[in-house]
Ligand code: DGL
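Heads up, the chain below is alone and in the form predicted alone; it's given as structure tokens.
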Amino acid sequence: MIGVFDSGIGGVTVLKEILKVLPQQRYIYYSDSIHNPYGDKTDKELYRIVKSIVEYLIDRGCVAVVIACNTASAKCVKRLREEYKTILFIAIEPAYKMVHDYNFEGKTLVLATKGTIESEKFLALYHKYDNHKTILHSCVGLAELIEKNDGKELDVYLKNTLGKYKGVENVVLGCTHYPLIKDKLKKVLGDVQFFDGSVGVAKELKRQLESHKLLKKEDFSLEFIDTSQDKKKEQRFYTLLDQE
């Protein structure tokens, strides 16, 4: 079984890509919306939350855990791998290297939580591939608004906070919630090229499962868990995933 977790339903953008390459598996998706956002948590508090989720997924029989949250990946994955050596941890990260590979000369905007942008892991990635035409923007409160799903409130937020960046070419979506609002982002920023890490995570998960001989064909199943127990979130999750 494969566990996927995020601070809400944003990680559905990662799960969609995983299902394209690994359709015949059993999955648990853990939406920790009661603790959303992760980006404003202290490192100690965040690890306590993440460790609890990981232990639940392991108890349920997960042999691999996908951390579909950039903040949790940046701040927790190293310690998790040290503590749970028999579990595969696949961690997402902002797809800044993709800008280097595909449009290095383009003016770039990185959108992420404050926790992700200030993390040692992201800053190392940024300094390694910096094109010197990059703006780092902490989107305080954006993940919560996407989780809340209030379209009008989102439009106002994006216009007020990101309107000044119109004209950038590349936009790195450094939070798994952000791909859910690509259309709204384009209305504010123009016809930009988006980069996110979901496809890379899906490919890496498959590679790691094959490498460790853990990939077995199974009857597909998917269980959704939300810590707020909000049925509307479950309905939205399956709608976004295009699952009956």
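Quick caveat: nothing in here was measured; it's all calculated off a predicted structure. The numbering used is simple: start at 1 and walk along the sequence shown.
This next part talks about the form predicted in complex with the ligand, which is not shown.
Peer 1: Given the stretches 183-191, 63-71, 213-221, 200-208, which is the single one in contact with the ligand in the model of the complex, using a heavy atom cutoff of 4.5 Å?
Peer 2: Among the candidates, contact is made by 63-71.
Peer 1: Given that the ligand is not shown alongside this chain, does V171 nevertheless sit within 4.5 Å of it in the model of the complex, heavy atom to heavy atom?
Peer 2: Contact check for V171: no, nothing within 4.5 Å of the ligand in the model of the complex.
Peer 1: Should N36 be classed as touching the ligand in the model of the complex when contacts are defined as heavy atoms within 4.5 Å?
Peer 2: Output for N36 is yes: heavy atoms within 4.5 Å of the ligand.
Peer 1: Look up in the model of the complex whether V50 has a non-hydrogen atom within 4.5 angstroms of the ligand, and give yes or no.
Peer 2: V50: no, not in contact with the ligand in the model of the complex.
Peer 1: May I ask you to list the residues of 117-146 that have any heavy atom within 4.5 angstroms of the ligand in the model of the complex, in sequence order?
Peer 2: Heavy-atom contacts within 4.5 Å come from A143 alone.
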